[in-house]
Each structure stands twice: as structure tokens, then as C-alpha cells.
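Just the one chain here, laid out as C-alpha cells, in the form predicted alone.
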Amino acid sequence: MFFEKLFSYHEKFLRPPGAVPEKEFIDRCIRCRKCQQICPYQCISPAGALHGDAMGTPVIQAREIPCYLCMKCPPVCPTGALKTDIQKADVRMGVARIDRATCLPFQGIICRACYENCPIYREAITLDQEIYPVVHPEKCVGCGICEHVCPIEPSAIVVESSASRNED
């Protein structure tokens, strides 16, 4: 059970924009924290002991502080663990998923928090019938802003990390 919990926790974190596939990221990242130091929003923190071999690598906990896509971290990475040749709209940190069972519009309550705050406005999240949020995975950058601004606890929209699944 401990290892199941560890694995599920490992999958919930986001990497900074431009991260190479996870296995390569862990091999390349020297845990220098330059990305953490340059982040003006203080959204990057080092992974803790529960992250196993990823301990000390940069992670983003979107519900607490999402990535605002300032794109200042990729250029300071000395090892290429964060690609520098990436544009904001091409970032793929993860994909947002909506839980219709808890999302307010699906309960008859007007809410546009995720839609209004998405940095890829009117592309990554749109409104069906001007009410119901719809995530477009091909446009979602996985920054977690939608998760952060959701008024429901726990959030009705959660970014599923690409960290453990981006082995291109």
C-alpha cells in the first residue's frame, strides 16, 4: 500500500514548462534550483522525499500556486532538462480534466472561473452552450491555473501531469 500511495503522489505533480520526458528529466536535472530562484511567482519548489528518485527536482503544485507561464525558467536551466526552444502555447505540462459530478455549471450554478482565467483563452477551455466548460486537450498547456481558481474543494478541474507519461 505504501508504494501505491507513493506512485499516485508521484503522478500528481507538474514539471516546469519545457520539461523533457520524465526519465530524461530526472537524469539531466542537477537539482540546482535555478528555475526555482528565477520564478517570479514562487510556484516551483523542490520535490520531497515522497517523490523517490525525483527528490530535489522542480515541481509545481497547481492547487497551491500554478504556473503562470512567464517562461523565465527554461533559459536558466544549465543542463537542458527544460527545453528553451518552446513557446507558451506549445507547453504540455499536463491536461486539465473536469469532474462533472462536482463542477458547478453541471450542478446548475453559474461559474466561469476556469474559462475566464485560462491563459490560452477561448482555445484550451471553451463553454458549451455558454455554460458548461469543455477542455480541449490539444490546446491545454497544463499550467494549473484552472485548478487553482476553481472555487470547489477539492477542485472540480484537475491537471493530470505529463511527468510520468511523457516518454515520447
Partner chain sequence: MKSWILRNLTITRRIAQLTILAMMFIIPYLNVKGFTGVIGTFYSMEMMGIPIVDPALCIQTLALMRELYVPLLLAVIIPLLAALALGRIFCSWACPFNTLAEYAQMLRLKLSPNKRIQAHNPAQIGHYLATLCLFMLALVFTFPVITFLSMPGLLTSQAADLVFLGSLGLELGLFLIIILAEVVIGSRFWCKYACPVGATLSVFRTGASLKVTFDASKCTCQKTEIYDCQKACPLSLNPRKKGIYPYCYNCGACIDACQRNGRALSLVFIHQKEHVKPLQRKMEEVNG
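Because the structure is a prediction, the values reported are computed rather than measured. Residue numbers count along the first chain shown, from 1.
There is another form of this protein, the form predicted together with its partner chain, and it is not shown here; the text below is about that form.
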*Any chance residue 26 has a heavy atom within 4.5 Å of its partner chain in the predicted complex?*
yes
_residue 137: touches its partner chain in the predicted complex, heavy atom cutoff 4.5 angstroms_ = no
*Look up in the predicted complex whether residue 76 has a non-hydrogen atom within 4.5 angstroms of its partner chain, and give yes or no.*
yes
_Non-hydrogen atom contact residue 120 with its partner chain in the predicted complex at 4.5 angstroms_ = no
*Just give me the residues of 32-55, first to last, that have a heavy atom within 4.5 Å of its partner chain in the predicted complex.*
32, 33, 34, 36, 37, 38, 42, 45, 46, 49, 53, 55
